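The same protein chain appears twice below, in two forms, each given on its own as structure tokens and labelled structure 1 and structure 2.
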Structure 1
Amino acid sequence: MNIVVAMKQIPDLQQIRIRNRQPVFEDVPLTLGPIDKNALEAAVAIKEQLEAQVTVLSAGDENVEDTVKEALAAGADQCYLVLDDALKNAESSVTAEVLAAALKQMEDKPDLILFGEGSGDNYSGQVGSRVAAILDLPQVGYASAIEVGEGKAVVTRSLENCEEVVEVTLPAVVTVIAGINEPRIPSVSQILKAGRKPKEIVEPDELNLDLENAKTDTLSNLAPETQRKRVVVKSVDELIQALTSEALIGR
């Protein structure tokens, strides 16, 4: 069985600072999206139960080549990278086209393609569904558990007010939620071995893709403006009175 996990490189959100209401990305390290790591952990768990190969698929600029080592250390067997500077801030539909083209070109066709339900930066939640549509594959979203059998997968979906269990024929696309598992922390030996795992790198031209209008430009990205009244209270009663006057608590 071949499992492909699509993973996106993003800035480490825990280290982004705000200055003059704008995010400061200078010296912020790059990492893989948090829910993408859940998708990878789900793939590795299946691999440990069945005879499977896990491939990480990612598209971005040249920095992805270093960032993806994190996934290789966490249990992926190999990676397939589409690298081009235009993919650094690519719009979701473009990313989906790139990933779908890469999946079509892979020599070992995937039986199961996993995505996080949304990326860690813009969280559009579109790419997995778009890839499924382009490849004309069935898709199951919001997966909280995945059991793979002969030619099929049984997926538990975590919905707003209930859980739904569905069966899907493979190959298929599944998007997972963060609560599906707890991603493992690689050991030192796994980190050292990651750099020696197989890696295939292609450019968009090799996939017959034109990225002329791929980039998305952010016109404004401002943190919410807060107005602090700096009201000083000297007792619990004064605090309750102040909150009540602002209709922040009930009368």
Structure 2
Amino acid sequence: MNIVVAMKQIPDLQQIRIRNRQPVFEDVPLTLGPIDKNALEAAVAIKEQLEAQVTVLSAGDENVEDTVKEALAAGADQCYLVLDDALKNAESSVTAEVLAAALKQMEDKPDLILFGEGSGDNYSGQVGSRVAAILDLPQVGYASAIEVGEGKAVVTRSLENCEEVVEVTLPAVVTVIAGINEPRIPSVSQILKAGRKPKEIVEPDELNLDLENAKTDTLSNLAPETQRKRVVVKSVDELIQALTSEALIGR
């Protein structure tokens, strides 16, 4: 059983600061998307039950080679990286083309391809669906549980108002939600071993891929302006008075 987990390198969101409404990326450490880590954990949990090989797939700039260590330490067996500066902030449709091409190229055909429900920075939730469409695979989104059987998987899809339990034939694309598990923290010896795990690194050319143009354009990306009163009230009485005068309470 081959499980591929698509993971995106993102800036550590907790470290991004805002200056003049602009996000400051300078010196912000890189990490992998938080929900992508849930996807990896889901794969490792399956591996612990069955014979499985877990491959991390990531597209991005050359820093990914370093960032991906986190995933190798957390239980992935190997990684497949498509590296090019142009892939750093690639738009979802472009990323999907690249990932799909990489998946086609893999020697061990993937049975299960896991994604996060959304990437940490862009959170568009498109890439998994697009890859499934390109490869013409069935997909189940928003998984809160995955059980793998012979040639199929039973997946619980968590929607706003209900949960659907579906059976899907493999190979398939599944995207997971953050609540599916609690990613493990790798031990020191796992981290030390991570450096020695196999890495396959390719460039977009080697996938016979002409990177397509982005299908969307970002006109601006600014921190929202908050226009709040910021009145400091001294007591509950003063608060109640203020809210009453605004007709927010005591109607």
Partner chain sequence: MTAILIYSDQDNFALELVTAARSLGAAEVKAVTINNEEQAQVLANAGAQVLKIDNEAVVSADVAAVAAAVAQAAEKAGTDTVLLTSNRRGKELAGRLAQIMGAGCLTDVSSIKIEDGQIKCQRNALGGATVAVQTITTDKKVIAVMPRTFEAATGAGGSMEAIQVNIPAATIKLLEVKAKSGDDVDIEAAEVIVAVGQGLNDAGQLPMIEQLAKKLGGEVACSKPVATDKKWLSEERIIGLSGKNCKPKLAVLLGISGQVQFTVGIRDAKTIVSVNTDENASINTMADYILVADLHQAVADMNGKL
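Here, rigid core means the biggest group of C-alpha atoms that superpose within 1.5 Å across both forms. These numbers were taken from a predicted model, which means no experiment stands behind them. For residue numbers, the reference is structure 1: its sequence is counted from 1.
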| item | value |
| --- | --- |
| Structure that is the form predicted alone (1 or 2) | 1 |
| Yes/no, residue 16 Cα shift of 2 Å or more between structures 1 and 2 with rigid core fixed | no |
| Rigid core fit then residue 243 CA moved by 2 Å or more between structures 1 and 2 | yes |
